[in-house]
Every structure is written in structure tokens, then in C-alpha cells.
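In C-alpha cells, the next block holds one chain alone, the form predicted alone.
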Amino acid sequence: MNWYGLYTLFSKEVWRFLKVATQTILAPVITVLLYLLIFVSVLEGHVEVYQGISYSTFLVPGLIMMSIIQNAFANSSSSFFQSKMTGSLVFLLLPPLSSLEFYLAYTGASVLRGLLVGIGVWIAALFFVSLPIYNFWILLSFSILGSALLGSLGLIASIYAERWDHVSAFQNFLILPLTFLSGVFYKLESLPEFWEAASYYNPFFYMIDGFRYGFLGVSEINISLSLLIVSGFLVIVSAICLWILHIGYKIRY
């Protein structure tokens, strides 16, 4: 393992999004706060998802996790694809870095950005709602697993993409629908029977539900099963990503 090279590439990726923190961290926090203000002002007092838990308290964990995974995907996909478009990717291929080191650096930076945005949303939300923490380690586990999974997906999307339109299509037609249909704003049992059954095939649902359990101590699915499913998806997507990096598809040729 080339630890120095791995650290250098990771640091480069971290400083890349910190240099424009207003766009990469502050803007997502403000966007999520707008969701919170709109939904709470309309539905607070009219909807009770779990007995004794207000709708705003139910909503905030889902919004935090949504911001974490969306920004993790945006970080790796935009950075790697920008390197392809500008031709600077060749300078990343010259050093003795393996596929694993590439993967760890980009995914690690995506996890860090996702966590920073999530912490920002959580701190801002405290001004509007009292949010207890039921299990910190569950929160940390799902936030890291979810952001790593989306960081890996971002790498795959940027490798396959040939134009910015392709990256945007991946975001708009896959990531966003799966996120909004994962139970961020509602409980699955409130859906029609078909959509409720379909939601159980959505890996994003298990991320949201498990993360919410870390705050509230209640969930729709057994927490161990959610953790197992999210971990399984991460292993599968990571293996695909590492294989694509290893063969150099649309990178070296």
C-alpha cells in the first residue's frame, strides 16, 4: 500500500471541495433547511408517524441522511469526471497508485464531505427541533456506509460518463428518485400496497431507516437486517468499482 500517495490524493480531494465550501457544504445545508421549513410548516401537527414523535423530529434524520448520500455521490462523480474532461487525469495515472488506493482516496473524500454536510444540517436543524441521539454508533455506521456506497456509485458514473449530461442523468434519474422514494418524508405503510412492496427493494430505504433509528430508537425494519443489506450493497458496488478501475475502462485507453 502506497500510504503517502493515498494520503496525498485524499488530501487533494478534500482541499478541492473545501476551497469552495460555500458551494459544497453551505449550499446543501441551506437547501435541506428549506425542505424542513416547507414540510414542517405544512404538516406539523397534522401528521404523526410514530406515537409521541412529532413530524419534524421524524423528518430531520431522513433529511440529514439524504444530504449525506447526495453530496457523497456529487463529490466523487464531479471530481473524477472533471479530471477526465480537463485531461488532468493523466497526472493521477503517472504516480504508482493502485486501483485500491484510487478507490480509497476518492471514496474517503466523499465520506468526509457527506459527514460534514450531515453535521451542518444537524446543527442547523437544532434551532428548529429538539433531536435526541439514541445510538451514536448506529448513526456513524449508517452515515459512513451510505456515503461510501454513494461515493463508489459516483466513481462508476463518472467513469462511464462521456459528457456532463451523463453525470446529471445518473443523478436525476437514479439517485434522486431512489432517495425521494426511500421514506425520507413518510412511513412506508402509508403508501399503496404496490409502492410499499417496491420500496423494500430500494437500498436507500435501509440507509434512511437505519439512520433514523440512531436518532429515535424506532425503525420499520430490524436494524441488524438494514445494516447487513447496506453493507452487502457497499461490498458489491465497491467490487464493481475496483474492477472497472483495475481494467482501466475509459481511463487508460
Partner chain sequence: MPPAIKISQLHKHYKTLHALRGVDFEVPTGCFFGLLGPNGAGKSTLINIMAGLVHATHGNVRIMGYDVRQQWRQARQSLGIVPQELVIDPFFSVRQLLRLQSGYFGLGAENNPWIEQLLDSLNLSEKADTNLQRLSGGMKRRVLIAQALVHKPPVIVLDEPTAGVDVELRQALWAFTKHLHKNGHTIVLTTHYLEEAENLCEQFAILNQGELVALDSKSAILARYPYRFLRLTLTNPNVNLPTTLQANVQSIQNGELVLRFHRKNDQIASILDKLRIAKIHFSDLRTEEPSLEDVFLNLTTAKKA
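Since the structure is predicted, the reported quantities are computational estimates derived from the model, not experimental observations. Positions refer to the first chain, counted from 1.
What follows is about the form predicted in complex with the partner chain, which we do not show.
A.B. asks: Check residue 9 for me: does it contact the partner chain in the predicted complex (non-hydrogen atoms, 4.5 angstroms)?
C.D. replies: Residue 9 belongs to the contact set for the partner chain.
A.B. asks: Do residue 15 and the partner chain come within 4.5 Å of each other in the predicted complex, heavy atoms counted?
C.D. replies: Result yes; residue 15 sits at the interface with the partner chain in the predicted complex.
A.B. asks: Taking any heavy atom pair closer than or equal to 4.5 Å as contact, tell me whether residue 127 reaches the partner chain in the predicted complex.
C.D. replies: The answer is no: residue 127 has no heavy atom within 4.5 Å of the partner chain.
A.B. asks: Does the partner chain get within 4.5 angstroms of any non-hydrogen atom of residue 88 in the predicted complex?
C.D. replies: Yes, residue 88 sits close enough to the partner chain in the predicted complex that at least one of its heavy atoms falls within 4.5 Å.
A.B. asks: Which listed residue (168, 141, 82, 135) meets the criterion of a heavy atom within 4.5 Å of the partner chain in the predicted complex?
C.D. replies: Selected residue: 82.
A.B. asks: By the heavy atom within 4.5 Å rule, which residue out of 159, 131, 115, 92 makes contact with the partner chain in the predicted complex?
C.D. replies: Filtering the options by heavy-atom distance leaves 92.
A.B. asks: Please determine, with the chain shown alone, which of 98-106, 117-125, 151-159, 170-178 has non-hydrogen atoms within 4.5 Å of the partner chain in the predicted complex.
C.D. replies: Going through the listed ranges, the match is 98-106.
A.B. asks: Need the contact residues for 186-219: heavy atom within 4.5 Å of the partner chain in the predicted complex, sequence order, or none if there are none.
C.D. replies: Not one residue comes within 4.5 Å of the partner.
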